[in-house]
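In the structure tokens that follow, the same protein chain appears in two forms, which are kept apart as structure 1 and structure 2.
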Structure 1
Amino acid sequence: MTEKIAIIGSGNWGSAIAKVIGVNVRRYPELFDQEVRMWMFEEDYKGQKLSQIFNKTHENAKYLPGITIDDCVVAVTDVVESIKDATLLVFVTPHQFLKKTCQQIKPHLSPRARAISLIKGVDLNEDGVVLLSDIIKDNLGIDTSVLMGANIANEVAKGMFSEATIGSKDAKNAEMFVKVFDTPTFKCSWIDDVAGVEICGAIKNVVALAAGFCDGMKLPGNTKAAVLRIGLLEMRAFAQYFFSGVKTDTFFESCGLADLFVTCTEGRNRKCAEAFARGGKSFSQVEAELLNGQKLQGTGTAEEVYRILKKKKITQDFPLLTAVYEISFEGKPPRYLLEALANQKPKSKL
């Protein structure tokens, strides 16, 4: 019996991963149903419906222009229709819509359904940090893996060599998801550390804001390198504080050091933070001007992370994450980052 894939989300990253999935659906016809439905939030684009443009041209003209996606991928504007008979659900929607989306699709799931989250972020409850994969797992009652890595969407879509890490607790499901995503130019491996992989994907966006502040202030490479190292240490400390069993080795996978590096050099969070640090514009203004309708993930994550650090009374142990929040939301100048890091407690090496 073949597996049927549904992609829940169709922005820049969702469309890029749809291209990867399309390649493997054609590559393994014995494994996968030859139609992939991609849920696309309907919107007008230059006087036409975006979904209609996609299904006619096989290109997401707004979020991933110039990239042709295999015609096995079909845009569907009804999320329930998109997951009909699907056994492999690929979540790549903004995390603020995740719970509502799960509630909509739960009554319509295939009994064989499993999920994987490509969403970068965290949620909070009264007890602490909540993994987005756990929101999917708990709301839908199905096994949920994660995929994170050094993946600039446009570069992946263009077939430039990249890697990604799949975190999964189920070896059989992990091996199937490797088949879904692994191509000669998009290499995927899996590890048994869902929390570590997912926290890397979330917190690196906050570190990228700090890297962008450095670029906006035209600070030298030494300074930015120090910010990345301190950021990696805080990513590890955060993950291991809130989740038992997180492995240090995870931070040397694509989801860790590699993703941190590319996000701090090429990613949208770095780009917007650089513009913010130059002065005169808020993050909302920068986002509107630079991201073509996409959303900035780092600021929302910074806010969520700071709230839980403050609640646990451990902000002093995370000077970089705390300073990024204070600069972004409390009006402190970008140069405050250097003051915060200069006063940090000595930390052990990885």
Structure 2
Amino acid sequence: MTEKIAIIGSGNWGSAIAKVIGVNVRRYPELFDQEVRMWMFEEDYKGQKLSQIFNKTHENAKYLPGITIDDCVVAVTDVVESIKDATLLVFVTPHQFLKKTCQQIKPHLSPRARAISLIKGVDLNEDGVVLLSDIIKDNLGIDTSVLMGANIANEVAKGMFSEATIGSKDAKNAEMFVKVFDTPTFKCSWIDDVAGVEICGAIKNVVALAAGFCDGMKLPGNTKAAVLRIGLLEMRAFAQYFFSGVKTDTFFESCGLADLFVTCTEGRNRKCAEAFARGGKSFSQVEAELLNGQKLQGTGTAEEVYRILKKKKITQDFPLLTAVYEISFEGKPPRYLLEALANQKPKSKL
């Protein structure tokens, strides 16, 4: 029995991953139904319907121009229709529509359906951390894996070598998702750790702010390397505090140190934090100047992470994450980052 793939979402990342999926659907005709439906939120683009352009040209003219996607991928504007008979649901919707989308499709699911979430970010609520994959799992009642990593949509679409990490609790589903995503230029490994993989994608943006502070203060590479390293360990400690079964090896995967490396050398969180650390401007001003007023993900996450650490009375175990918040929002100077790290006791590991 073949598997039928549905892609729920068709923005920049959704379209890039559709390109990858198209390759593997053709590569394994014995495994996959040769039609992949992709849910597309209908909108006008230069006087035409985006879905009609896509189904005629096999290109997402608005969100991933210049990339031709295999014609096995078909745009469908009704979300319920898009998942009809689908056994593998690939979620790439914006975070804020996730719950509603789940509620819409729930009554129409195939009994064989399993899901994978490619949505970066986590929800932080009063009591702790809510994984987006758990929102899918709990609302649909099906096994849900995640895929994260150091991979940027446009580069993946162009076939630039990159990697991804699949976090899954079910070996059979994980192996199937490796078939869906792994290509010679998009290497996927999998690990039995959903929470660890997913947490990496959110907390890395807070560490990227710390890296940007270092750049703004013109600190040398060794200091920045120390900040990255301590940041990665705090990411691990954070994941392990809130979830059981988080594995150390996860942080060696693409979702861990590789994604952190890129986020701390490129990326807008680093860039805005660098401008902030040069002094004289609040983050709102920096956002207005460098991002046309869009909000950074890192500062929002830093606030939410701090609130939870404070509530759990564990700020002292997370000096870097705590210092990023205090510098960003409580008027501490950027150099306080290093004071906070300097005051840690030497750690030993036997």
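Rigid core here is just the name for the largest C-alpha set that superposes within 1.5 Å across the two forms. Start at 1 and count along the sequence of structure 1; that gives the residue numbers used here. Everything quoted here is computed from the prediction, not taken from an experiment.
Mind telling me which structure is the form predicted alone?
If we ask which form is the one predicted alone, the answer is structure 1.
Residue 170 C-alpha moves between structure 1 and structure 2 by 2 Å or more, core aligned:
No.
Using a rigid core superposition, assess whether residue 138 undergoes a CA shift of 2 Å or more between structure 1 and structure 2.
No, shifts by less than 2 Å.
So, does residue 224 move by 2 Å or more at the CA between structure 1 and structure 2, with the core held fixed?
Where the cores coincide, residue 224 still shows a C-alpha shift between structure 1 and structure 2 that is 2 Å or more.
Once the two forms are fitted on their rigid core, how many angstrom does the CA of residue 329 move between structure 1 and structure 2?
For residue 329, the alpha-carbon shift amounts to 7.6 Å.
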